[in-house]
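Given next, in structure tokens, is a single chain: the form predicted on its own.
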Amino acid sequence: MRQLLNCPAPAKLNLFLHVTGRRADGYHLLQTVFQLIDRGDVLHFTLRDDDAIRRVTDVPGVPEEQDLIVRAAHKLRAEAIRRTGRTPPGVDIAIDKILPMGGGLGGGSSDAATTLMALNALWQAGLSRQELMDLGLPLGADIPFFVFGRTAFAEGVGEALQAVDVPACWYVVIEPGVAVPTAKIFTSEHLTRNTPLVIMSDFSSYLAKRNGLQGFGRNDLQQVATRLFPPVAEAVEWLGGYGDARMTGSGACVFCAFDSEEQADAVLAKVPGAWNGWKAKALQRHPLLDMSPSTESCEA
């Protein structure tokens, strides 16, 4: 194969997000449920005749050498060289950027995970899924989840993952028009860092009793983000008129679950014009988990 085209990098939502402590190295300990959704960026990989790794699409505000896509590609190639003794060819990486930066949707991490999975196939590097997860963790705490590729109960810094079943549903997501820097939220003096631990069965039992996704836990980062960024608070308040609206990740995007696409459409039609609103369906599996090894397109 010389190329892999149309490789999806789906977004995630945090159905809840608790900060349960802080390690000596400064990393925060979390508990969350990551939910994949069917909206995201799309990446395209084409092998080169030299050894250069290039991002051929301009991404405003993200220099090429700092992009997680490029860093993930370099890291995977170094591991492939170590294992096989041969240098994989260079690659041009194009991206159709759909997800907003600073939105809490995991766009950069998902792009990096898709890069690891696609280039592992294209370069025939032979790494297992767990090895790709381990390779991605130093680049970003959410990357292992996207490589794991299933709705997951996560602990630690986000790398300890267990697959979990959740009901099929649709989400309305609002982009409030601000980018929230993750570091600003985690360094705030107002952040709660001692939420009591839960276990996965607590979450599963709650869903079974309530027959839906509404109301379990909270997002501990939301109180900080809404204090610092009023548009996030406004979006939470507005969408909260239709259900249990909450922020995903460290913000800024706000979401609410609905049982049907029709319900989501009805709410979406009322989103104020100042915001970008959209709907997405819950995904149980990352599309690349089912990628055929013999095709030049990641599309099913």
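All residue numbers are counted from 1 along the displayed sequence. Because the structure is a prediction, the values reported are computed rather than measured.
We do not show the form predicted together with a small molecule, though everything after this point is about it.
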- Note on the structure: Only one of 232-240, 246-254, 261-269, 46-54 has residues with a heavy atom within 4.5 Å of the small molecule in the predicted complex, and that stretch is 246-254
- Message: Give me the residue from 72, 118, 221, 172 that has a heavy atom within 4.5 Å of the small molecule in the predicted complex.
- Response: 221
- Query: Even though the small molecule is not shown here, does it sit in the predicted complex so that 26, 157 and 183 each have a heavy atom within 4.5 Å?
  - Reply: yes
- Query: Would residue 88 sit within 4.5 Å of the small molecule in the predicted complex, counting heavy atoms only?
  - Reply: no
- Query: Even though the small molecule is not shown here, does residue 30 get within 4.5 Å of it in the predicted complex, heavy atoms only?
  - Reply: yes
- Within a 4.5 Å heavy atom cut-off, is residue 141 in contact with the small molecule in the predicted complex? yes
- Task: Considering only heavy atoms, tell me if residue 12 and the small molecule come within 4.5 Å of each other in the predicted complex.
- Result: yes
